[in-house]
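Single chain ahead, by itself, as structure tokens, in the form predicted on its own.
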């Protein structure tokens, strides 16, 4: 197999070792919070019109929107730990317009809807921008777009085909260097409207405050154990049972994402895939000048095993991705988060990308589980005679699409037939992953095939072609 740029141009081991010395094993975003805000645990039973399970973006948006739709309703949000502690507080902060994990994935699954899904994606991102402003959320929102970069010759032609209008501009090597300087870059496509950037943890904390200001009651350190409901009386409340008490709710929204589903029907619909990231110290003015990046776009490369990276408000560089690690048994376990080999690999790839930053150190390293679905994007549904709504499976692109998912769940809970609820994308569920050991064997074979494709000019082998035909997927 041919080598990739990250194998042909490897920084010195001492450079990598120096950069990682003294890093803090914690998400930078959560560590950067001045006032994380805290809420009490549930103690005792209560009645509610709406109970939302999960204190990440999906749950927070759902609770806020449910309260806004019906100000007199009692809306309760239950979080097993603290607001935003999981994926919502440690992701890359990329708000993508796509609801379908990219044009190709959406077009292959919902060809009749893809044009409208693309429009809805931009409408959703525009609405997010307006609401962040209207709510006064201090989450360092900016909308510089994103650049997909080619680092191998075969990827250049792929990028040329993506230039469709003034919002999607092809950049040759020289034009790209005027934006961001890296010896690995051969070309790029600048998607000027499709991507916004935020401070993830500040967004979660701000949403929680906005929700409580609107009258939502948030209970932290309140893990939901079971949902009990009467099948013979479909109008009866659903009992949301926790260790501290039971919430009797007319409607329930589940926003638990990567964590084990409270519904038997969706227990196999997601698998936890671990994603890893590094954050540098703030760059000096001289270091910033050496890489350009004056327009602050989000960046990613074109490989199956891709990197994503961006600047923070104080000019740190977040650099993550590439490795996507699945562990046998579908477990979500903190012990999986400190993987030395992956952090060293990411650091090496960082200095291959930006050798002019040699000597720079990383301040933070962290990882977390992503709720991966077989269709690469969120799935939706209802259970318990329509009393329970759910959304999950965002596969790493949930910062913006959870806002859309919240609208869907609020529509479901209100019993409303809307354009959103009638989309085939919403009505059609994801294909579940098989049980173990088949899931692990299949995922590992797929990962090896994706790596092989990256070493073979992107050519997909029979395993990947078969998965494509079946509408199944797994990506980095």
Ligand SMILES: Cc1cc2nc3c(=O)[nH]c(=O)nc-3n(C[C@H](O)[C@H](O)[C@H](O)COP(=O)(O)OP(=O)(O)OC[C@H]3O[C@@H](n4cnc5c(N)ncnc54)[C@H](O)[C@@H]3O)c2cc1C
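Residue numbers count along the first chain shown, from 1. All values reported here derive from a predicted model rather than from experimental measurement.
Unshown form predicted in complex with this ligand; subsequent notes refer to it.
Colleague: Considering only heavy atoms, tell me if residue 80 and this ligand come within 4.5 Å of each other in the model of the complex.
Modeller: Residue-level check for residue 80: yes, a contact with this ligand.
Colleague: Does any heavy atom of residue 398 come within 4.5 Å of a heavy atom of this ligand in the model of the complex?
Modeller: Residue 398 belongs to the contact set for this ligand.
Colleague: Does residue 92 reach this ligand in the model of the complex, with heavy atoms at most 4.5 Å apart?
Modeller: Close contact exists here: in the model of the complex, residue 92 approaches this ligand to within 4.5 Å, heavy atoms only.
Colleague: Contact with this ligand in the model of the complex for residue 222, defined as at least one heavy atom pair within 4.5 Å: yes or no?
Modeller: Although this ligand is absent here, residue 222 would touch it in the model of the complex, with heavy atoms inside 4.5 Å.
Colleague: Sort through 126-134, 366-374, 139-147, 353-361 and report the only stretch with a non-hydrogen atom within 4.5 Å of this ligand in the model of the complex.
Modeller: In short, 366-374.
Colleague: Have a look at 319, 404, 390, 394 for me and say which one sits with a heavy atom within 4.5 Å of this ligand in the model of the complex.
Modeller: Only one listed residue qualifies here, and that residue is 394.
Colleague: Which of these residues, 270, 100, 280, 88, gets a heavy atom within 4.5 Å of this ligand in the model of the complex?
Modeller: The option sitting close enough to the partner is 88.
Colleague: Mind listing which residues of 30-65 have a heavy atom within 4.5 Å of this ligand in the model of the complex?
Modeller: Residues within 4.5 Å: 53, 54, 55, 56, 57, 58, 59.
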